[in-house]
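First comes one chain, alone, set out as structure tokens in the form predicted on its own.
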């Protein structure tokens, strides 16, 4: 199936590794021009270098609204437009809420929730001008359960906020030809999750997933490709679980 993404300009946040890097790679493979945003310059440069000349690293802190705006304006100055935004950047706090600090809460909210708002807000002007655009947010099954197999209350609450932002943005932007959707993975096999899982907890997580394994980053990326294309032109405001059946149990 031709997704018609050739020459589309995309910004993927948190693209220095894991899900973000996989989404960036998938977009490049479909002919996109992809800016890989990450707060870690070395990670962004390495991930972009692995994808060739169509991939461009950009250093950005999604929790800094002015920094986000500068990055987006730079992309529009370079390319004349931005077609696709993937809000993937996020941080994970685990453990019981009784042990969480106020700083933990502020940090998770700033990156996981405010970051989605700041980046989405920043791309609105160029997308509205062209009356076209795709915004894809990475939520989580934690949004449904108020926390998940790894993420705690803080993480689940911010991801529930991402789901609400997705619906609200979709409703307001639909008349202007802009689709806004979210993907809700369960546990994905990335460096971040691996660092938090012991062999015992990994077995417990897998036992809770009907398909009997963790998701691969590339499997989340394939759903992102569909939502970034006009194959899903009539889909907006949705949060699609890519969870191996986790929410069915």
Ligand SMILES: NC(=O)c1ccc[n+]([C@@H]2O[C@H](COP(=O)([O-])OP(=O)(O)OC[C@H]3O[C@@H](n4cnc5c(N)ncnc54)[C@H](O)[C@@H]3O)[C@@H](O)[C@H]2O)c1
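Positions refer to the first chain, counted from 1. Here the structure is a predicted model, which means the values were calculated and not measured.
Same protein, other form: the form predicted in complex with the named molecule, not shown, and the subject of what follows.
Q: Based on heavy atom distances of 4.5 Å or less, which listed stretch (174 to 182, 69 to 77, 126 to 134, 153 to 161) is in contact with the named molecule in the predicted complex?
A: Only one stretch passes the 4.5 Å heavy-atom test: 153 to 161.
Q: Scan 26, 48, 33, 186 and let me know which has any heavy atom within 4.5 Å of the named molecule in the predicted complex.
A: When the named molecule is considered in the predicted complex, the option within 4.5 Å is 186.
Q: All three of 17, 89 and 139 touching the named molecule in the predicted complex at 4.5 Å, heavy atom to heavy atom?
A: All three within 4.5 Å in the predicted complex.
Q: Taking 4.5 angstroms as the cut-off for heavy atoms, does residue 82 touch the named molecule in the predicted complex?
A: Contact check for residue 82: no, nothing within 4.5 Å of the named molecule in the predicted complex.
Q: With the partner left out of view, is residue 224 within 4.5 angstroms of the named molecule in the predicted complex by any non-hydrogen atom?
A: Looking in the predicted complex, residue contacts with the named molecule do not include residue 224, since no heavy atom lies within 4.5 Å.
Q: Might residue 111 be said to contact the named molecule in the predicted complex, defining contact as any heavy atom within 4.5 Å?
A: Yes, residue 111 lies within 4.5 Å of the named molecule in the predicted complex.
Q: Given that the named molecule is not shown alongside this chain, does residue 192 nevertheless sit within 4.5 Å of it in the predicted complex, heavy atom to heavy atom?
A: Result yes; residue 192 sits at the interface with the named molecule in the predicted complex.
Q: Going through 24 to 51, which residues have a heavy atom within 4.5 Å of the named molecule in the predicted complex? Please give them in sequence order.
A: Sequence-ordered list: 38, 39, 40.
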